[in-house]
Structure formats: C-alpha cells, structure tokens
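Only one chain comes next, encoded as structure tokens, the form predicted alone.
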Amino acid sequence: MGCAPFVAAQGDPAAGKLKSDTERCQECHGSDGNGDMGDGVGNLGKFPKLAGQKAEYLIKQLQDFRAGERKNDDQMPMMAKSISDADMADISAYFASLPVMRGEKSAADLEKGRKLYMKGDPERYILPCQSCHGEAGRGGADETIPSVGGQHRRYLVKQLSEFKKTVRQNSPDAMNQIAAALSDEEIEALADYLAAQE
C-alpha cells in the first residue's frame, strides 16, 4: 500500500505550544494533550491523548491525513492541510514534550487483554502487540509506531475496529492482519488492558 513519504523534522516545543492553540489543536486534544473532553455529550475518549506521544508518529499521522492515506471525519484532513510542515513539526514537538499520558483505571478483568498483548496467539498467527508497541504500550525502537499504553479505551476500540474493517490502512499491513483476526471481545479486552497502563 502506498503511504505518503515520511519526512521527519525537528520541531520547537515552545513554538508548538502557541501554534497548537492558534491552530485549534487544543480544542479537541486539550492544552495538556490528554483529550479529556468530558463535556457531558459523550466526547470523553473520542479524541486521542497526544501527551508524551512520539513526535515522529504524530508527524506521520498528520502527513497521512493530509495525503488522504488516513481517513477520518472531515476535520483532521482539513486541519492537516491547513498547517505548514514547520508548524506540524513544532506542534508535534509540543505534544511530545508533555508528561506522558497516564492510564485509566478499569475494574474490568485485564488478564485476557494482557495475555494477548504480551504473548499474542501463535495458533492464529497473531503477534504479541508488545513486539512493536513495547512493554506497557510505551513504544519500541521505531519512532513511527505509537505509544498506546494509557490511551483512552474508547479511542483504542475505535482504531482497532477500523484496522479490522480496513477503514484505516495507513500503518504496516500487520495492523490490518492482526486486527482482522481479533474478535470484538478481544478488541475490547486489549483496549481495557492498554487503557489501564500507567
């Protein structure tokens, strides 16, 4: 599958703080990057946490929105097209500089999700999630693979479901293949486990 070429750039977090406000990023993702839009109309968990996320990953996602490689409502592609590459790098550097996102506490049984995350399911050719996303979902060596530990549960379910349905195809093919093999119950279990990570 063809993705837009990834262009890494070093950004300025101080400039990015101002730009993320003027470019309206903070309206959904929050000034603290935690996307806590608990506004009483169901938006809690709708917008991803960006706090402490890898800048390279954020830049890649913005470039993918801009190029049409990552689908969303009209908002993110429009936002990505309206900012320059320099602004993109600065805004990404700002969110990356924030304290890393913290987990949501969950009363759900996390064992099923933990086992799938840590060990995968070799019989179904499902790789362990930790092999790419690292221990507790904090990311591995590849800077374009996101940190997922501590992310909003609702957001994780949505992204895994979109990989499963091939609505989202802007990541390595492994994400679509693995998600396709997961049941809805397993997606929920993984989201529960990851959202609870500190």
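Small disclaimer: the values here were computed from a predicted structure and weren't measured. Position 1 is the first residue in the sequence shown; the rest follow in order.
The same protein also exists as the form predicted in complex with a small molecule; that form is not shown, yet it is the one meant from here on.
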With the partner left out of view, is Leu127 within 4.5 angstroms of the small molecule in the predicted complex by any non-hydrogen atom?
yes
Wondering, does Ser131 line up within 4.5 Å of the small molecule in the predicted complex on heavy atoms?
yes
Verify the contact flag for Arg66: yes if a non-hydrogen atom of it lies within 4.5 Å of a non-hydrogen atom of the small molecule in the predicted complex, no if not.
no
If you check in the predicted complex, is Ser31 within 4.5 Å of the small molecule, heavy atoms only?
no
